[in-house]
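For this one, two forms of the same chain are given in structure tokens, first as structure 1 and then as structure 2.
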Structure 1
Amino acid sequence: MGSPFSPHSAQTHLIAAVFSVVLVIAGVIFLVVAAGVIYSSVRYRSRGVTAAEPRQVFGSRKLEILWTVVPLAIVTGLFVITVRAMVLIDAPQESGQTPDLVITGHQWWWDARYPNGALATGDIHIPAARRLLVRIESTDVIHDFWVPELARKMDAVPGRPSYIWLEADAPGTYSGACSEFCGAQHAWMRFRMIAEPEASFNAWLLRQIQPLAEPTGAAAEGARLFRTKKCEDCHALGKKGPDLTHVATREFLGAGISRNTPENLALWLTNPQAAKPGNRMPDTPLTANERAALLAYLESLQ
């Protein structure tokens, strides 16, 4: 998971700046209070039964004005810098502009749709050094999209899309997650935001919409089984399960729960609840040959 203390966008730099100001003010208040407690403990400590009781102060207009004005000034200052940051960070929520990216939360994975029809699941690619208007959606329950190094948190509410600005000031891979509890596998609803130079991003985007090569050999038999076993009823755009069009190019399976290896992919085919407990993929009886053919087909999906 990324860190909000390592901002890589204009938006997260503003968030980090506000946090730093709050942290400094809180630190100063802590030191003042701690110094007062230590001074009072030493200066007015008990000096034995014969010691006179310290003089009691029952009111001080100067002190009362001081501890009213100072907190008011602090809160006002924090209000001003927070509102200023919000104005600069927040995207218009009733935007008439076509979004550059539509990111959708599901139980339990994220996918992203691009204007040219490309779809990314798990690994979401963006161009570096370009601000994108992103629409955040949900298909089932409330999720929360968050990439600590790149963007503010934004709730994904069913039936109520929201908008954020998303950008990365440098190429790199930035970790993100759902930060709103959304069910049994909330902790494994992760994704990677991959920022690339413009030329690399455009090449990747073009590859995503190219027709896949026709499978041959065992992969061809796996493609037939994929249809006859009704796998494509769920694993297609807009269906119940994640799209598998380019599954062989993904580094992780199950929104980060395991590496994309033949062994882990085979586990999803034979015992999906062991791969990720609580997911909605049903057990499908397969012979050893059918499992091998389906695995060959999935590994061919580049």
Structure 2
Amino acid sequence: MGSPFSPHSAQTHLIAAVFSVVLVIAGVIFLVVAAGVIYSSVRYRSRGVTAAEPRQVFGSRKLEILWTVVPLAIVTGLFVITVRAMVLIDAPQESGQTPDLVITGHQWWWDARYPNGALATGDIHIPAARRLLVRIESTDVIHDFWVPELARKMDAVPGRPSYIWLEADAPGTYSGACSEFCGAQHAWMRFRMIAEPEASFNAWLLRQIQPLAEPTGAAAEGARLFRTKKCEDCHALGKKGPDLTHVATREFLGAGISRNTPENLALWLTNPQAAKPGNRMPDTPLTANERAALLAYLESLQ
């Protein structure tokens, strides 16, 4: 996971700057309080000698005004900083502009749709050094889209899409995750933002909408099983499960719970609940041959 203090966009740079100011102010205030507490604890400690009671002080108008006005001034300053930063960071919610990307949270994975019809699941590609207007949606419960290095977090509320600016100032891979508790597998609802130079991004985007080569051999049998065993009833855009069109290109399975190896992929076919406890995939009875054919097909989906 990236930290808010390793910002890679104009928005997150600004947040890091505001956060630094807040931490410095908080640190100074804490030191003042601690100094007062420790000084009076040490200086005015009574060591068991039964002396007369100390002088009784009931209050001081001047001091009380001081510690009303100074904190008020500090929070007023903070408020000004806050509002100025909000204006710069926040994306317009009702601009009518077509989003560059629509990112959707599901229990428990993320996918992204591009204007040309391309779909990315888990690994979301973006062009580097371009500010994108991203629409955040949810199909079931409330999720929260969070890539600490690239953007503010934004709740994905079902029935209520929202918008953020998303930007990566340099090519790279940035990790993200759901940041609102969303059920059994909230822990494994991770994803990666892959920022690429414009040209390679465009090439990737084009590849996503070109039809894949017809599978051959065992993979062809697997493709047939994918239909007859009703895998495709869920594993498609707009259905209950993640789209698998390019599953072989992914680094991780189950939104981060395991690496994308043939063994881990096979586990999803033999025992989905062992692969990711609590997920919504039912057991499908398969023979060893059928399993091998399906695996061959899935591994061919580049």
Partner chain sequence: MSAWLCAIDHKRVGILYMLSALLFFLAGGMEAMVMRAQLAAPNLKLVAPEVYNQMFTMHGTTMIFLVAMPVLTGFGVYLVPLMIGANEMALPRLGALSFWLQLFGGVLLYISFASGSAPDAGWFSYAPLSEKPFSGGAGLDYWALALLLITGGSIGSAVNLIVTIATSRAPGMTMRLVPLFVWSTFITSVMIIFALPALAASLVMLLSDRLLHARFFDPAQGGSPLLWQHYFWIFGHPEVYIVVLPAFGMISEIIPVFSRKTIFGYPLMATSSVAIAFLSYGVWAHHMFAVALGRNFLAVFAASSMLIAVPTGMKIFSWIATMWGGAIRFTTAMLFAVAFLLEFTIGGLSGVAFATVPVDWQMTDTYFVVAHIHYVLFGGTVFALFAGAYYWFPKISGRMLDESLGRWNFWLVVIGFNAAFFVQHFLGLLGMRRRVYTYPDLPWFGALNVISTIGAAILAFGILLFCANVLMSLYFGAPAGDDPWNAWTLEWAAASPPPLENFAEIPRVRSRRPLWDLKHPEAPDWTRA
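Predicted model only: the values in this text are computed from it and were never measured. Just so we're on the same page, rigid core means the largest C-alpha set that superposes within 1.5 Å between forms. For residue numbers, the reference is structure 1: its sequence is counted from 1.
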Legend entry - Which of the two shown is the form predicted on its own: 1
Inset, instruction - Examine T261 after superposing the rigid core and state whether its CA is displaced by 2 Å or more between structures 1 and 2. - result: no
Legend entry - Large Cα shift (2 Å or above) at V57 between structures 1 and 2, core-fitted: yes
Legend entry - Large Cα move at A274 between structures 1 and 2, threshold 2 Å, rigid core: no
Inset, instruction - For Y39, tell me the Cα shift between structures 1 and 2 once the rigid core is superposed, in Å to one decimal. - result: 2.6
